[in-house]
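Shown here is one chain on its own, the form predicted on its own, set out as structure tokens.
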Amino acid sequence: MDAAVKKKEIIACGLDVGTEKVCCLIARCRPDHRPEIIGSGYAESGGIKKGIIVNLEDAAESIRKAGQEAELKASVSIDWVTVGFSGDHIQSFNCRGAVAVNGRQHEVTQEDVSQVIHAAQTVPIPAEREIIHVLPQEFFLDSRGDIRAPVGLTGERLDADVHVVTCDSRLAQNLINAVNKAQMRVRKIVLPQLAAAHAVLTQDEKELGVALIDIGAGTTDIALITRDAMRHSSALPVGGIHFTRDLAVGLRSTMEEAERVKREWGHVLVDHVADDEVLEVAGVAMRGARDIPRRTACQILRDRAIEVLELIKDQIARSGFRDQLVSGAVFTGGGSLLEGLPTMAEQILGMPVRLGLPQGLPGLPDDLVHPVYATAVGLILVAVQDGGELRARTSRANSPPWIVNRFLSWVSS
């Protein structure tokens, strides 16, 4: 066998299944264990609304197209993927567990940590829901808190505060079925805002306290992080597509034309738009184009932006962590690109706001250094953190990406 084929490498794949687009990224781990993107694929979403599968065949076809494009560029096959899963069905809560430390000299072991985290998550949840994340926040040893790594410390009672994230198990199974139909398997389902946090937040922000606001096409995902732990997560059933729909109705145009107007001329700060600016907007069906004041379109976007930001403000206030967000807020996702939105967010939320771009990957292509791809890049970082997929290195330039060597890879332990 060729020496290059004998050589093993870690491959990670992130799959962001959104309302408007499906993005598939493939990365290999470099010798320094940092991932390097080697393939990317994109497809227009079909059969997906607000992050939920509504047509299995259409969704699977979109996933397949994105996966095939990424495979072709990377010259490797995809077996296992780490998938982002959003929607207003996601529910989360904080809880605490406790165990007695019974080891030699009452020294905390990794088994004690696993047991206390398990104890914290053993709370009643409805039969139709399942847990997708149990995220440790803080450990207590004999009532002394602010402990993050208790292994090796001595005490008699270990407590743990955790953030538990649950989803509708039937909707999760629909997502898994769509991925399976696209000839891939789901290694892990990940909360999108958790993935995006890996990609766009700095360590200082996570330590001091920050609100991550990921405005996608169909949903707006919120995560509040302080002292390097997630304290609150939620999802609002509104996103960029609702801005577009408001424009389409208000301007009596198609969704495609409204999206163009939003991208090219949209601004939520109406005072920044001149009174005499005029746009030509195509009508619906056989109706001809019309001239409208740009301020009219921007006023529609402004009203929706205020509504969304007020909902975000209410979520933050209800969480009880508002005063701990010293670093302010980081906005990401395609919906965050609307002109003037960060400035308006600062005014309504009463905190500093910046736009979050993916970081942490060496040699990240310029076209991926964009808020739209924050979740996809974050999924790669999560997948690598979990061990990725071990496979033989092989050239696939002359082979169909979905056939050759599909069963030659395996999941590392």
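Numbers follow the displayed sequence, beginning with 1. Keep in mind it's a predicted model, so treat the numbers as computed, not measured.
Keep in mind the form predicted together with a small molecule is missing from the figure; the text below concerns it.
Proximity of Gly51 to the small molecule in the model of the complex: non-hydrogen atoms within 4.5 Å are present.
Remark: Glu259 counts among the residues lining the small molecule in the model of the complex, judged by a heavy atom distance of 4.5 Å or less. For Thr219, a non-hydrogen atom is located within 4.5 Å of the small molecule in the model of the complex, even though that partner is not displayed. Proximity of Leu349 to the small molecule in the model of the complex: non-hydrogen atoms within 4.5 Å are absent; the residue sits far from the partner.
No member of the trio Ala197, Ile225 and Gly328 reaches the small molecule in the model of the complex with any non-hydrogen atom inside 4.5 Å. Contact with the small molecule in the model of the complex, judged as any non-hydrogen atom within 4.5 angstroms, is confined among 288-296, 234-242, 144-152, 158-166 to 234-242. With the partner removed from view, the residue among Leu364, Leu381, Ala27, Val372 that has a non-hydrogen atom within 4.5 Å of the small molecule in the model of the complex turns out to be Val372. Out of the listed residues Leu338, Val190, Ala120, Val76, Leu338 is the one that sits within 4.5 Å of the small molecule in the model of the complex by at least one heavy atom.
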